[in-house]
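As a starting point, one isolated chain is supplied in structure tokens, in the form predicted on its own.
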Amino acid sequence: MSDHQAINLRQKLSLFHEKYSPRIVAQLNDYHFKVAKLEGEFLWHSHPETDEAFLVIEGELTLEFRDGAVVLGPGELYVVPRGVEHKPVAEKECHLLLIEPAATVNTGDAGGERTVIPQWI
């Protein structure tokens, strides 16, 4: 019998309800794959040391930048370059996959009360 199992992102997302609280579902070298639920506005922040990838699974996500915005729907991906200030906004609940180095903090250089330490799920 094999221990090989696919990771079902929708099933993992069904295991929690908190918004802006990413959960780790896989690791590739020193990168984590995290699922998250977003609704409302997050805070302006950047990640000075790394790029950050957003892949929308369900819903719609707007990534606001100081000089514009990009709107992502299901199946769409955007990579925020390192050091670029951004603010995720979801008018309705949005599910996504984040791909970033394992040590990446969700609030980047902004810190504060919305900082979470992601758990494996």
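Heads up: residue numbers just count along the shown sequence, starting at 1. Given the structure is predicted, the values throughout are model-derived calculations rather than measurements.
There is another form of this protein, the form predicted in complex with another copy of the chain, and it is not shown here; the text below is about that form.
Close approach of residue 40 to another copy of the chain in the predicted complex, 4.5 Å, heavy atom
Taking the distances in the predicted complex, the answer for residue 40 is no, it never comes within 4.5 Å of another copy of the chain.
At the 4.5 Å heavy atom threshold, is residue 99 in contact with another copy of the chain in the predicted complex?
Result yes; residue 99 sits at the interface with another copy of the chain in the predicted complex.
I'd like to check something about residue 44: if you look in the predicted complex, is any of its heavy atoms closer than or equal to 4.5 Å to a heavy atom of another copy of the chain?
The answer is no: residue 44 has no heavy atom within 4.5 Å of another copy of the chain.
Wondering, does residue 105 line up within 4.5 Å of another copy of the chain in the predicted complex on heavy atoms?
No, no contact at 4.5 Å.
Would another copy of the chain in the predicted complex be within 4.5 angstroms of a non-hydrogen atom of every residue among 4, 8 and 77?
Checking in the predicted complex: 4, 8 and 77 are all within 4.5 Å of another copy of the chain.
Taking only heavy atoms into account, state which residues of 46 to 74 are within 4.5 Å of another copy of the chain in the predicted complex, ordered by sequence.
Contacts from 46 to 74: 50, 51, 52, 53, 55, 65, 67, 68, 69, 70, 71, 72.
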